[in-house]
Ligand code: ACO
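Let's start with one chain on its own, the form predicted alone, as structure tokens.
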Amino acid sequence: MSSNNGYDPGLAGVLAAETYLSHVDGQKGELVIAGFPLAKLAANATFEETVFLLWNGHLPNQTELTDLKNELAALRPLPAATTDLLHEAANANTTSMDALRMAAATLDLGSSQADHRSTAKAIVARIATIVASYHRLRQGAEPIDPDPALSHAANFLYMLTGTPPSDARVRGLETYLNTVVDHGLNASTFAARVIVATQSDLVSAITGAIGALKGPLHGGAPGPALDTVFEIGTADRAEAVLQAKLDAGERLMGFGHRVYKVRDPRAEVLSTAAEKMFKADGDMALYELAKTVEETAVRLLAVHKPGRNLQTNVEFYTALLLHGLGLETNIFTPTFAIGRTAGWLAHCFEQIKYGRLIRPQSRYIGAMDSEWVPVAER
């Protein structure tokens, strides 16, 4: 924390909430989600199991899991007004994140704002439909109706292409959604908690969180990390290309994190998930190239920026995994939102229980005794 009378412009080190949802230790490279080390949860749970865990504090039994799956599946179709809005946004060539922000504000159409859990389920179910539908509209194709027989992850992939995905691809996406579902009191999560703390509604909180995620300092840009891999092309070019970028003062995308001072545990989980998926249903040559690029980048960064300990972050393997799933870079961040929405809502539930308005202090540093001058004399 800053020594300037306890003030830090980024609120670094300021404790603003207690939570049962996730624990982040940047020095040790640990991420715990609702009691489970990330690697155990992400690689084993379905996304619906993770949603239930965050919202209820325990894993579901078979009946509870089936009920949640059925409820989410039934809520996937979008209200007509949301569909109309997406068509208009596509006609105006609106970006995917802007379209998601606009459409998110309509997510409680047809549901009762007083029933938080029902609204939350509608939000989670429909966010994925919005992302898939808008992606197709921007491609000049009509949206594909959701398939209630498919899981949340499988249905999202199906709505993008109309082809049922392989088990390997579904597992890859589920691991990704579980990995990014929550991550401490980040900017978008804090925004959601601040909004719902005013006793506003869940849709307003999620819309605000998406607005925060849209900012490049928070949402990031996983695409450029993969662009570097494609630019390098073959393993023998990795060192020369990366060294040239460092010599030119360029930042190597996918490396370094504000919180983690060691390898991002999410990168570890997604690297393993990507390897499994590419082996079963993908291009292993691309995965091997990415591994070489990663290893070379970490080694060169240690020499170029000693003491900084710039390790692989979540963006590097996010880009590789989502590309392997056939997703285009313009929906990487909206796909992140599909997973993180469940975490945002869990934080909203916690904040509602607290029943306390979030109202930090500010310190005035302006003038105190200004003289009023009539407009004719200014």
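No experiment lies behind these values; they were computed from the predicted model shown. Residues carry their position along the shown sequence, with the first being 1.
Heads up, the form predicted in complex with ligand ACO isn't pictured, but that's what we're talking about next.
Residues within 4.5 angstroms of ligand ACO in the predicted complex, judged by any non-hydrogen atom, belong to 302 to 310 and to none of the other stretches in 124 to 132, 302 to 310, 227 to 235, 280 to 288. For the options 42, 348, 314, 342, the one in contact with ligand ACO in the predicted complex, meaning a heavy atom within 4.5 Å, is 314.
Think of it this way: in the predicted complex, ligand ACO has a heavy atom of just one of 261, 87, 276, 117 within 4.5 Å, and the residue is 261. Residue 144 falls outside the set of residues with a heavy atom inside 4.5 Å of ligand ACO in the predicted complex. Taking the partner from the other structure, ligand ACO in the predicted complex has no heavy atom within 4.5 Å of any heavy atom of residue 247. In the predicted complex, at least one heavy atom of residue 256 sits within 4.5 Å of ligand ACO. Looking at residue 252, you'd find a heavy atom of it within 4.5 angstroms of ligand ACO in the predicted complex.
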